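Okay, so here's just one chain, in structure tokens, the form predicted alone.
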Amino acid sequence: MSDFVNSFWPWYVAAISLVSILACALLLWIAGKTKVNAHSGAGSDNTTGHVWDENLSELNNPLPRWWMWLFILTVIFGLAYLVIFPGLGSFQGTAQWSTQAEHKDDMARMEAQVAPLYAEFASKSVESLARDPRALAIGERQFMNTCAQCHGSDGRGSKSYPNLTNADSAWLGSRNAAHIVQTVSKGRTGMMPPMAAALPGETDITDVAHYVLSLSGSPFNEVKAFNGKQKFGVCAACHGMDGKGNKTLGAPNLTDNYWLHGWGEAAIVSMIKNGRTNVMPAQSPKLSADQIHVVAAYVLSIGGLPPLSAAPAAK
């Protein structure tokens, strides 16, 4: 992809544009100077010498003035366009227009239009909005537009895309409003480093894979799992000696029955050998803080609402 973003391509496109415009001007000039009657076979009665159907002759009349001037104006328009707007390499044009600036203006106008819709929710907590039908209806629409492409319209995700309706143990972070808002706003990167160097033998890797399977109650080979338990120490730094993970690090709980990247010996062996990097892109460039506030409430609601804090007793 990097081959298409270097400085060669803008100048390549600029050269094609200029050559095309100048070629049109040259074609018009040549057409105006060429006299067909000067060629062999042309008649002396203002015809080109071409005859069809025995008596249909092609006349050698000059181009209509309106057509010629329209052609000239087209060439002038093309040159003026390249001066005013970007089209000549890195030259930004005298108007200083760019698609980035236009997109930024469009986003600003859109945010101004929808701001009143979200204003009434801005002062409320995410937890309270997760129980507000109006806020959830808006949050669901925003979720469909922004999040459903990866997590699915029902929030249950798919392979390598987390299920947002799971219980606490399957979340790679804390299932609370602050964590959801931060993840939606700033994104999140989860990385499982390749461990092939720490477990150099194929037998070592499959032993650990079967021990991991045993932690979740999945079918496993008892001998290999027993041997793998002794070698699991290289994984315990992140997943813990009990395999229950570490939410602070984003290390998954290996004792539940939720497999984000696939289940079975082959999937686990591949993960141990090659590692894995998953990226949740930041949505703050697309969504305003108020929009993220409402989307977080919807995500919190589909994952199971935490109990409301008890109101203080009256004195």
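Every value quoted in this text rests on a predicted model; they were computed, and no experiment measured them. We number the residues from 1 along the sequence you see.
Form predicted in complex with a small molecule: not shown, discussed below.
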Inset, instruction - Would you please decide whether Cys238 lies within 4.5 angstroms of the small molecule in the model of the complex, comparing each non-hydrogen atom pair? - result: yes
Inset, instruction - Although the small molecule is absent from this view, report whether Tyr258 comes within 4.5 Å of it in the model of the complex, heavy atoms only. - result: yes
Legend entry - Contact test in the model of the complex: Gln283 vs the small molecule, heavy atoms, 4.5 Å: yes
Inset, instruction - Classify Val208 as contacting or not contacting the small molecule in the model of the complex by the rule of any non-hydrogen atom within 4.5 angstroms, answering yes or no. - result: yes
Legend entry - All of Pro64, Ile72 and Gly78 with a heavy atom within 4.5 Å of the small molecule in the model of the complex: no
Legend entry - in the model of the complex, segment of 48-56, 22-30, 64-72, 259-267 with a heavy atom within 4.5 Å of the small molecule: 259-267
Inset, instruction - Answer with one of Ser98, Ser218, Ser153, Ser160: the residue that has a non-hydrogen atom within 4.5 Å of the small molecule in the model of the complex. - result: Ser160
Legend entry - Proximity to the small molecule in the model of the complex, single hit among Ser214, Thr165, Thr183, Asn227 (heavy atom within 4.5 Å): Thr183
